[in-house]
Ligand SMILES: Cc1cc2nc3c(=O)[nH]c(=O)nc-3n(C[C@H](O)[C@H](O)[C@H](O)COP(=O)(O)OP(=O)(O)OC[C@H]3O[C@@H](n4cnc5c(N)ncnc54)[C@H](O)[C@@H]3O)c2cc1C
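Consider the single chain below, provided in structure tokens and representing the form predicted alone.
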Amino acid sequence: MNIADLQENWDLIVIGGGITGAGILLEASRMGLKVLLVEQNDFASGTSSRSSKLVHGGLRYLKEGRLYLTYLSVRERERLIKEAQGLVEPLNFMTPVYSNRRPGRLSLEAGLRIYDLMSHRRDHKFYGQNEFSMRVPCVKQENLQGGFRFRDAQVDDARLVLRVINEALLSGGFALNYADAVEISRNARGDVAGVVIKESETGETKQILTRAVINATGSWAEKIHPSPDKSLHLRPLRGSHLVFPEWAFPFPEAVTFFHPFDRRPIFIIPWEGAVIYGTTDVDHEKDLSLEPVISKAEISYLMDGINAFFPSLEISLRDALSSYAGVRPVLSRKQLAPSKESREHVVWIDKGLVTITGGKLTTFRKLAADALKAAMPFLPSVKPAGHEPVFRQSPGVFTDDRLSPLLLRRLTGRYGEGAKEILKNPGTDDLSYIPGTNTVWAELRYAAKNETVRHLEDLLLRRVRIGLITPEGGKEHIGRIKTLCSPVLPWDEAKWDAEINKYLEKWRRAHSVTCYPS
């Protein structure tokens, strides 16, 4: 669908194609509403593809006294592990305990017990120094008492957004990427009456009518609707990560430790055949329209953490595959350090314009429910959203002798019914893994054909993630990718050349670790 094909009347327009907007689209479409989501760039191109890839309760929120946020996050984590198998998967973490560093064993034990109570299962265990060191080789030994193992979960964040949007389409919703909501029109009473949509690349515009608009644009939210609380505003905070090859960290489970400088939790997470290391938490003072990138100071901060806790690994920046940075939409009264700010969300209502911002990836369904509840007075009378599983459209149980159970689980979790198409008549070696990743070649062709790919970066940085987890953004594979996807993408030779050059230049600017700014 393009702008010219849009119908003129809608019950609801959702602005923002990250996880919050996707969740709203899904729930609204299940309620029977005629709903359209528009995103000015690509789906999940903002914060929702740049997270730490965790679906977690957030142990640090317990320390800050935010029990309800932790409880809600743990509850949603457990639901997603159950309902989104193959996409949201349990992940064990190891965390060391030192006699001369906080937090100590007793405080961590107390927090983990509360964590377990919230999930109704015992999921933590303490290991003495010797056994912990066997499980986490190369960890600093001086003053080490041992450490805990506990459980959270991980996700491919961009694929979660795409799977939620695709589920919404199956329920009757509509979604457009590269479509910008440039104006919200109102009637004589000041009520929302419509939206002007502009095609981001051609400049084509169209006025459509709607009863209500939900602004789910994250850090951009106040550009559409300023905060009604003059003392509470969005504080964009940047979280940056480094990506290393799997061999760089010789331990099988995720590790978290508290940075020696500020005691913030830092994560080392095996993910998609590589390892993610982060995150930072700093004020993002750059223009939000520009691509966020890691800074020299953030790189130094992260490398100092590795050197403090894993000095014998001798990891250097030269070992890193890539970097990425995202901007969190955090509400603030500018009284706290970045890492102390609340991750809770807010809802503002203005005569048919509902703004929702803040919050966490893990609790996206709660954000969607709260936004729709606020919008209900402006919408047709419909039955409120229920408690359906996040993915009702089950791909069914099927087997394929060509695949391991693990790969079959992965494909069905990420693509739903689309997994059957991926496995239909694959070419020679299309079901083999792209070197150094957990991605098979056939995923590229499926995404290029079915998931509104407009640019090569959409495909390599979000539909699949090989742009982050292979050397130089997957440059060595570009030829095979072109051969695989040319039959399903409407690009001629000139377009392919332009897309390849544009993608590689963007990767060098935004994801390379050798040309970072100061």
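Fair warning: this is a prediction, and the values are worked out from it, not measured in the lab. The first residue of the sequence shown is number 1, and the count goes up from there.
What comes next is about the form predicted together with the named molecule, which is not displayed.
For the residues L353, A181, L91, A248, the 4.5 Å heavy atom test against the named molecule in the predicted complex is passed only by A181. Checking Y115, F148, W220, F244 for any heavy atom within 4.5 Å of the named molecule in the predicted complex turns up a single hit: W220. Heavy atoms within 4.5 Å of the named molecule in the predicted complex are found in one stretch of 435 to 443, 311 to 319, 379 to 387, 233 to 241, which is 233 to 241. Each of I19, V327 and L361 places at least one heavy atom within 4.5 Å of the named molecule in the predicted complex.
None of the heavy atoms of T412 is located within 4.5 Å of the named molecule in the predicted complex.
Proximity of L12 to the named molecule in the predicted complex falls outside the 4.5 Å heavy atom cutoff. Using a 4.5 angstroms limit between non-hydrogen atoms, C138 is distant from the named molecule in the predicted complex. The shortest heavy atom separation between N41 and the named molecule in the predicted complex is within 4.5 Å. Heavy atoms closer than or equal to 4.5 Å to the named molecule in the predicted complex belong, across 270 to 298, to one residue only: T279.
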